[in-house]
Structures are given as C-alpha cells and as structure tokens.
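Next up: a single chain in structure tokens, the form predicted on its own.
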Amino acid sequence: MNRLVLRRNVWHLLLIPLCLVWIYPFVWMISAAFKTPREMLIGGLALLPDDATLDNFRRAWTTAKFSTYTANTVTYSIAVVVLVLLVASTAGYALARPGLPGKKVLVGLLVATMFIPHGYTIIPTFLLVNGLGLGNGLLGAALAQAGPALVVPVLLFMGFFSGIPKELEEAARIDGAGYLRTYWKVMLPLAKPVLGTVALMNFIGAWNAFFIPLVFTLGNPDLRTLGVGMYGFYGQDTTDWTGLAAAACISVIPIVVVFLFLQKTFVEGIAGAVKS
C-alpha cells in the first residue's frame, strides 16, 4: 500500500511541473488582457499586472464589435449542432439496421470523406449553398460547416444504435409504433450520452471555426463570428496584442463553461460508443 502511495506521489511530482508549463500560455493570455500595451511588451513572463485595466475588454467588446460577433457565434454554433444532431442521428439509426443494402459501401464512403481537406471542397460547397439562396448568411455557413462534420457523429450513432437489443424495437412495433415513432420515442432518448458528446464536439468545432465563416461572411462583415473577428486586431503595420488577448478571453471562456457542464456526458458518450 505504502509503495503504491509513494509511486502515485512520484508521478504527481513529475506531472505537476508539466501541467504548469502546459497551462502557462493560457494564464499569460488572461494576464495580458488586463495589462496596458506597454506593460505587456516589456513585462516579459510576469503574470501579475502592475496596473490592471479593463480597457482592453471594452475595446474588444465595443470598438471591435465582439458583442455582435459573440451573438453571431452563438447562433452559428447552435445551428450547426442542431443540423448535425438531426442528420447524424437519423443516418446513424438507418445504418445501424441489419440488412441495409449497400451498408458497407456507404460506411466506406463516409470514412473516405474524412480524409478530404475542407479547402478542396469549399468551391462546390459555396456554389451549392449560394444556389440555395443562403450565401452571405449564418444559416448557409452553418450548412457548410455541418456537412463535413457529419462523418464521426454518424459513426458514433451507428455504433450506439447497433448495440441496443432488437427486442426493444420489436416490442415498440408490437405496441403499434411506426419506424419514425420508434426512433423518436424509444431509440433517441436512449442515445442521450451520444447526443451530448456529438453536441459538445460540434459546438466546440463551430465555435472555433474560421475558414467556413470567413468564406461565407466576406460580403457581410457584420455576420462575422469570433474566430474571424480576431483578425480585426491585426493591422497593416501594428497589432493590438492586449486587445487580442482580451478578445481571446471573451472567445474562450464560454466554451470552457460549456465543456465543464457537459464533460460527464462527453466521457459517457465516448465510452459507450467505444464499447459498442
């Protein structure tokens, strides 16, 4: 017992410095958000500001329009999550059914698309979304973001639904439930861990997205998201580093809060999908 405790303490002593090194840049970013530009540039690695100020946050929130960008990002991220959950859960449920014709080919094609970079498909994606009349809008950007993000969620749902006993579906059908009702009333409530995992993964991905929102908001800068808005702090000759640090804090804090609320569901969903 004593040997186990000693071994655990040794590992803690080894890992604590690594953790401190790992989180130091994040803590320094938060510290820089409260410093003046001069103090940030000459302050070196010091973390505590000599003269703390909130001017950087005011400048980021009002002058750089991060209040608008935050609202846009929330709308955009929620739209992406809703689209992914709707399509991935139904597709995963269908692919989990035994005897589906061409199932292996469909799964193979899905997996193959994971290796195609977004940059290679952005032009046809833009033309398709623009043809639907959704260009230069958050909904069009959400559609473009949700499409390539579907593969892993579909596989997660497929693995989870495959592990549910068939007798449960058969009992629902004996009670008169149709295909859609069985999916909505019986199967989907059982998939809450996967729903939480997929929602969290895609919310984080959409929140931090840059390329897709950049392309679809070029013609309407007021619809920019936080990731695109960060580039407003880079000038032709100078960069507002303290404003950028404050903007980064505004961008990061909501996603950290969301993760803390959903981390248990996230772990349960990943564990359930792996077991399946």
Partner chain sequence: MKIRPALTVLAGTVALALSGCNLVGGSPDTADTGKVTVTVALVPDPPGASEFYRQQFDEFEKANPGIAVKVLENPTDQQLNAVELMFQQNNAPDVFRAQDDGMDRMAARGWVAPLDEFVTPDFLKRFPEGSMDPATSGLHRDGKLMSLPLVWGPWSTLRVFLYNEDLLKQSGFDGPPKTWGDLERIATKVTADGKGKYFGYAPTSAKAPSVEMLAGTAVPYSVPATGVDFRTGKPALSSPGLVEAVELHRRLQAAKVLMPGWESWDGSRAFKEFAAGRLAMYPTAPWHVAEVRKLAPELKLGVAGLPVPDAGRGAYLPLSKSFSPLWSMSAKSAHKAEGWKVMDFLASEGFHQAYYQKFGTLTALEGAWKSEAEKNPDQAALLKVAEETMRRAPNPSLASAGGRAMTEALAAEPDLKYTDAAVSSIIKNQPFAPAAAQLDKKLGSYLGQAATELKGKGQEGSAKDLTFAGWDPLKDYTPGG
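Positions refer to the first chain, counted from 1. Computed from a predicted model, the values in this text were never measured in an experiment.
Note that the form predicted together with its partner chain isn't included here; everything after this is about it.
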Picking from 218-226, 246-254, 25-33, 46-54, which part of the chain touches its partner chain in the model of the complex when contact means heavy atoms within 4.5 Å?
-> 218-226
Contact between residue 113 and its partner chain in the model of the complex at 4.5 Å, heavy atoms?
-> no
According to a 4.5 angstroms non-hydrogen atom cut-off, is residue 126 in contact with its partner chain in the model of the complex?
-> yes
4.5 angstroms heavy atom contact with its partner chain in the model of the complex for residue 262 | yes
Within a 4.5 Å heavy atom cut-off, is residue 192 in contact with its partner chain in the model of the complex?
-> yes
What is the one choice in 151, 79, 164, 107 with a heavy atom within 4.5 Å of its partner chain in the model of the complex?
-> 79
Among 138, 146, 158, 201, just one has a heavy atom within 4.5 Å of its partner chain in the model of the complex, namely 138
Residue by residue through 54-68, tell me which have a non-hydrogen atom within 4.5 angstroms of its partner chain in the model of the complex.
-> 58, 63, 65
